[in-house]
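Here you get one chain, nothing else, as structure tokens; it is the form predicted on its own.
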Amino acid sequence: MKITAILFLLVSGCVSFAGHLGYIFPAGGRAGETVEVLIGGQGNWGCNDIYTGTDKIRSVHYDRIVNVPFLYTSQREYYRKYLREKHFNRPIPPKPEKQDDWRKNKMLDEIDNLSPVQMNLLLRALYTRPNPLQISPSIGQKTIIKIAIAPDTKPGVYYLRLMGRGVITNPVPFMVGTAPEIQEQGYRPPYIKKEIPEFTLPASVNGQIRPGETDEYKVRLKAGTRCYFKLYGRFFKPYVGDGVPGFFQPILELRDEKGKQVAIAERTGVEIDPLLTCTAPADGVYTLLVRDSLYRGREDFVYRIDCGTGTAPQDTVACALPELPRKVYLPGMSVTEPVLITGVLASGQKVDIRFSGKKGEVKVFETFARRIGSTLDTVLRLYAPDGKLLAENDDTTPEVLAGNAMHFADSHLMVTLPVEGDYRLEMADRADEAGKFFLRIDRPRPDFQLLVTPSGLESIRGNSVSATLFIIKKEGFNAPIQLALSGSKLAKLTGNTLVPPGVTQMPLSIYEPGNRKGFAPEILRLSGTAKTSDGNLVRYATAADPAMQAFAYTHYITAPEFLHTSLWRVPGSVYPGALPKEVKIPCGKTKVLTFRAYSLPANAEFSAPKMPDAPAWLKADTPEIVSKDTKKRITTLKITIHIAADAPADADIVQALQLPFQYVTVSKDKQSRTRKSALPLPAMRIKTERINK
């Protein structure tokens, strides 16, 4: 089937067609080498290249979608025997005469020239039957790529996406190192002896944990060698939607030649991925073991271990601390705000700070501990001048779960002081841990953050595409935010571009004209500007992609860039400015909007509009065709929007509408076919108002 035909089979012509990238194995490579990787994902049919944000890491061979064979008994037995005899350099058996149930497959046709990754897939298909309980459609589609890493590539973490003609996936981390690369043995049929990879330090070890599996590696160490093994597992896939717990929990263990445990690591501080450090007690060949804590396993339980001597490199923790006067904590100290107090909390210790306040003053108390990599789980308690507990806060769970954190252990209090006097602030740790902290005592500083999803936006030329914008508000912020888009010569915001004061989530429409050349992705920058008592605030949106954890929780995994590309045109488009950016509708009334659409099929039939996340009091009728200009291919439409009588007065929301339609095409051989598409309308601000009787 041609790519152009695939477009018409998709559910809607105005939504993102993004595929999904689930895992990359191996999850990295050595600078100056070419590595063949297996990628598991879903919906990546249009992809034929990779995007990493640098020309230092590029694809030199792309095997689009690998069709792994499922064979019936006779064909399966023949190819098992074929590969076994070939392995021992014995005569190849002839094919049986009866091949009625044999399946045609490219991998079987090229069986003598398969790459190591292809052969590993074939062997697993021949010797294991898939367990439906372990199959995940989100990683079921296989792609094989050879990636060339330039010799001068800087070691570190890069983010790899699959891309094609207007298609781009979510990013997945890909690590580049300088040490020799070690990889676990692939699938081993019964006639191949088990081989445990052996290495010396330094090295980068790559593997996958499958159900019930424990991976083993041999490492030669000399007595007195201080060594480290830093495993990255959950780092590559922070959340698993169809598993409990909803993430990979790797365990590292080192044993000596007699099988005695030398060291074991289950995590690094509060991080799930473990760091194992030890001093080798004697010369010898040690065994490094990797497994899941519950002996679970699946294809996307991918890991990479940085192995070296000396002190393990520390992963940097990015946390912007407020620019306030700093003081070092002293027991029982008195302060005047604003101030940022720094110190180290000992196990079982409490921080005790005093300050004076006036009646009606609003004070903010905030801890920075977990966000800077500390193990502290802080709790704040504010005591009034009479000694009574006035306010308390343990954790601050945000409205939007963004990033890899699952426990938001830092505390935040915003309190209006009831009387004038001397107050006491106490900070403690829930688990009596020890660790570094920063404590902010300040006035409220209204602020906001922007999060836009998906991180790879695919629009259709001549139309707008909708993204979702989350507005995370802090310390009483409630001002309107003006949005702006930069980074593209063609793409621009359309429809409503103002975030109303009470809105925390809204659709965002980006329009792509039809005169772009090529499909190369562009890096967009979305900014928001708001006026506050502290002056104008300008904040740039962080791109992210949704991921589910343990069947229940939706997180947004942040991405390094907000990318945009475009697909071909599809039938029907609405140009910017065709509809008002804002409409006011009285409660219990309707509003008729008339607009023009271009290049609609002559036999297009509309159905009920789709309004994602619309409130119950907002409805819209099926669009009606008012007139057609067949020569100019212009169709005038009208749509009626209803506001329920019980709608809240003075509601202020932003809504995007999608108008599904179907039409019939007739092929050259006179075969008719019903196709589906949709007409996207730019995001519109809808305000309700109460009618005064």
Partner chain sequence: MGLRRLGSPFFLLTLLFSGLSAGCSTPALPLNERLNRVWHEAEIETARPRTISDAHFLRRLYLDLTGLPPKPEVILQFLKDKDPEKRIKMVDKLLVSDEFAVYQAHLWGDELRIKAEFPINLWPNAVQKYSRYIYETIRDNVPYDRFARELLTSSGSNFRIPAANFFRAAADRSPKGLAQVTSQTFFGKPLSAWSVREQEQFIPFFTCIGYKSSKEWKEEFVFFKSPAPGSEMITAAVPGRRKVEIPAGTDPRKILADEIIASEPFAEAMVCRAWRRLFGREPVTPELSVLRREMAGRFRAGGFDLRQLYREILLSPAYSLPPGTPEEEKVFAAYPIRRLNAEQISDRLSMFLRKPFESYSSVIPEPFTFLPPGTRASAIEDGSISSPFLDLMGKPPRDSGAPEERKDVITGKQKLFLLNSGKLYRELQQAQKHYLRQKNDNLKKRVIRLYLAALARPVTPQELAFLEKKYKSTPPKLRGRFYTDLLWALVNSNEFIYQY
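Positions refer to the first chain, counted from 1. Source: prediction; values computed, not measured.
The same protein also has a form predicted in complex with its partner chain, omitted here; what follows describes it.
Looking at 581 to 589, 373 to 381, 522 to 530, 180 to 188, the stretch with residues near its partner chain in the predicted complex, meaning non-hydrogen atoms within 4.5 angstroms, turns out to be 373 to 381. Shown without its partner, this chain lists Asp613, Glu198, Asp242, Asp112 as candidates; in the predicted complex, only Asp242 has a non-hydrogen atom within 4.5 angstroms of its partner chain. Checked against its partner chain in the predicted complex, the residues Ala550, Leu593, Leu413, Met333 give one hit for a heavy atom within 4.5 Å, which is Ala550. Using a 4.5 angstroms heavy atom cutoff to its partner chain in the predicted complex, none of Pro137, Ala148 and Thr225 count as contacting. Residue contact with its partner chain in the predicted complex: Met406 places a heavy atom within 4.5 Å of it. Shown alone here, Asp534 lies farther than 4.5 Å from its partner chain in the predicted complex, counting heavy atoms only. In the predicted complex, Leu389 approaches its partner chain with a heavy atom inside 4.5 Å. Under a 4.5 angstroms non-hydrogen atom cutoff, its partner chain in the predicted complex lacks Leu121 among its neighbouring residues. Looking at 285 to 311, the residues that come within 4.5 Å of its partner chain in the predicted complex, counting any heavy atom, are Ser293, Leu294, Tyr295, Arg296, Gly297, Arg298, Phe301.
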